[in-house]
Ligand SMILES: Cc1cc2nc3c(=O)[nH]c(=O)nc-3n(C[C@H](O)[C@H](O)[C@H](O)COP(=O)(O)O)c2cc1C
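In the block that follows, a single chain appears as structure tokens, in the form predicted on its own.
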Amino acid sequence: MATLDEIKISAKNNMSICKMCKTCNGETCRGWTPGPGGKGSGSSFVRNVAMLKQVTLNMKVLREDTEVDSCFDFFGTELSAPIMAAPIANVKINYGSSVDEMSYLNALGYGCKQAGLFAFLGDGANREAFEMPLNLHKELSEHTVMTIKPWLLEQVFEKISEVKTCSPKAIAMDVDAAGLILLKQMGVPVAYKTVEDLKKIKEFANVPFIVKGVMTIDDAKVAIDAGAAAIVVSNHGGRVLDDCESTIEVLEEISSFVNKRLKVYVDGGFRSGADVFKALALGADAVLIGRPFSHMAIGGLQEGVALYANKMINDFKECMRMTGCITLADIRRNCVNIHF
């Protein structure tokens, strides 16, 4: 069995665009869009990673010697931890991957399933970019979530109709993708969504609807008013707006406003089990992780994804042990300090 270091070397060799930096923080790939970097100056991607380091953990070890429980309920399915793979598609354009898209998707989906986690699957401008993740979703609907781009409503309903044949646990929409440069360059009809639009989509989906791309209380309120089951606090990895706040900076305020009226997930620069712990302490229910899962799929296929997923789970559980948290409910605001 390969080690994580060996898989990382393989990933670097299998990518011609992404440089597989020792620290994946958006510095080297500033402005590489399309590609792996953040938009414009790349500051939003860089800020996502940097600000997570401004949150520190409080060690607390004088307690009963009880094993921790990291299990997380995702709309009726129990996961090993509140960790999920974020939707990243078109790895050839984004990373220069020599691993084809379907092999990548299979690695992501089956690797996450092997570790007891969920994978969010993406969507794309052409028919094939939707059909490939949909075909995987047909096999793994119990462990994957389709993420539909914010197309015009007629196209949204057409795609959701196909997803519904898989009896999905939930359906997501990355609403901030309306600002993606590549889609606009290709002339694809994406559009911003109103509360009325989201209500129609939620009612048509008739399963838990997840709105991904919320960065303000105002947008969180829209999602609540639309009847969404969850939001993902996300700035699309810093790829749609330059000079944007990081997700960890706005997470606590948004979570406090939501006040359990829907689930709050978050993504953007999360790289470790400690980062996941920080997010839960600031009000998130779960964390989506994108780039590291993609690298492991490109470098080690299913084995790489499962190996990385299990490392993340174990690292997260170690943070729970060392902060005196036995269950996820024990992870609270007083477990961390904010230095921004």
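Numbers for residues come from their place in the sequence shown, where the first is 1. Keep in mind it's a predicted model, so treat the numbers as computed, not measured.
The next section is about a form of this same protein that is not shown, the form predicted in complex with this ligand.
Enquirer: Gly290 versus this ligand, in the predicted complex: is there a non-hydrogen atom within 4.5 Å?
Expert: Gly290: yes, in contact with this ligand in the predicted complex.
Enquirer: Could you confirm whether Gly122 comes within 4.5 Å of this ligand in the predicted complex, counting heavy atoms only?
Expert: Contact check for Gly122: yes, within 4.5 Å of this ligand in the predicted complex.
Enquirer: Please check if Val222 has a heavy atom lying within 4.5 Å of any heavy atom of this ligand in the predicted complex.
Expert: Val222: no contact with this ligand in the predicted complex.
Enquirer: Consider Asn94 of the chain shown here, and say whether it contacts this ligand in the predicted complex, taking contact as heavy atoms within 4.5 Å.
Expert: Asn94: yes, in contact with this ligand in the predicted complex.
Enquirer: Would you kindly say which of Val264, Ile83, Ala86, Val145 lies with a heavy atom within 4.5 Å of this ligand in the predicted complex?
Expert: Only one listed residue qualifies here, and that residue is Ala86.
Enquirer: Among 311-319, 297-305, 33-41, 55-63, which stretch sits within 4.5 Å of this ligand in the predicted complex, heavy atoms only?
Expert: Selected range: 33-41.
Enquirer: Do any residues of 200-218 have a non-hydrogen atom within 4.5 angstroms of this ligand in the predicted complex? If so, which ones, in sequence order?
Expert: Residue within 4.5 Å: Lys212 only.
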